[in-house]
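To begin, one chain is listed below as structure tokens, in the form predicted on its own.
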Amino acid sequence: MGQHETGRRWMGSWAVALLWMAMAVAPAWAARTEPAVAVVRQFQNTLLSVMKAGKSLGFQGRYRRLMPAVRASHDLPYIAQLTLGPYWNKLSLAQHRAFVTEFARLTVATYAAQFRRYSGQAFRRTASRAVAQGDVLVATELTTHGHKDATIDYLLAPTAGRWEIVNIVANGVSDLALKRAQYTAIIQKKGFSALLSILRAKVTELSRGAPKR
């Protein structure tokens, strides 16, 4: 897991507005952000290649191709930790490992289910800026034949000498904030074991067929 200050990148659905207000202005910003932009570009290129071969690959093929790409570009252990909020410190090391494993599986399964067919989609970077704490925000759009379908903004942090995605904000909604609200509510009502079971069931559901995009 990357070394981060506790809670330093926790963001709500309002996070993008605050981050843009806190932009670091400097002449060399483009050079500083390019390595982070390259991580996003490579990941999105993988998504497109998987979409183009989506039908022939099937869910399992897309999943196998996406797993290394997600692990290479996302700080999954750190994101998993943040989604559990204060409950993380109440769990054992074995429970940490179990949750990170299931969280990673669900993350990849979600990508494999959502990006399963190609019909003229493309990603376009609209901006990239250095923001608070030395992080970088890379703003992109998903388009179909030139028409915007969604805005997808990536927050990346420098970890162990490389850049990794630590949050994604799609159409103004923070994925991290959404998952944290959902997962902590489940733990509070049903317990940690129930959360693991729900994550596993969701992966199975996605593998059997996802709602159409």
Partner chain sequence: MADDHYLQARRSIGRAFALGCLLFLAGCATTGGPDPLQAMNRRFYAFNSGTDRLIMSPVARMYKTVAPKPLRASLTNFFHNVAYPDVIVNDFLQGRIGQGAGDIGRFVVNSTLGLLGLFDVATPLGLKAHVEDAGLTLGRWGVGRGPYLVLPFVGPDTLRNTPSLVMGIFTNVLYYVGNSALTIPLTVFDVINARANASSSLRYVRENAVDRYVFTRDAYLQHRNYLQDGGHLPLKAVEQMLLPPGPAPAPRDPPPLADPAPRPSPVITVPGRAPVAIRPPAPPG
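Positions refer to the first chain, counted from 1. Quantities reported herein were computed from a predicted structural model and do not represent experimental measurements.
The form predicted together with its partner chain exists for this protein as well; it is not shown, and the discussion that follows is about that form.
Asks: Using heavy atoms and a 4.5 Å limit, would one call A38 a contact residue for its partner chain in the model of the complex?
Replies: Judged by the heavy-atom cut-off of 4.5 Å, A38 is well away from its partner chain in the model of the complex.
Asks: Tell me, yes or no, whether S174 is in contact with its partner chain in the model of the complex, where a contact means a heavy atom of each within 4.5 Å.
Replies: Answer yes; at least one heavy atom of S174 falls within 4.5 Å of its partner chain in the model of the complex.
Asks: Whether L196 contacts its partner chain in the model of the complex should be assessed with a 4.5 Å heavy atom distance threshold; does it?
Replies: It does not: once its partner chain is placed as it appears in the model of the complex, L196 has no heavy atom within 4.5 Å of it.
Asks: Any of the heavy atoms of A122 lying within 4.5 Å of its partner chain in the model of the complex?
Replies: Flag for A122 set to no.
Asks: Are there residues in 120-136 with a heavy atom within 4.5 Å of its partner chain in the model of the complex, and which are they, in order?
Replies: Counting only heavy atoms within 4.5 Å of its partner chain in the model of the complex, the contacting residues of 120-136 are R129, V131, A132, Q133, D135.
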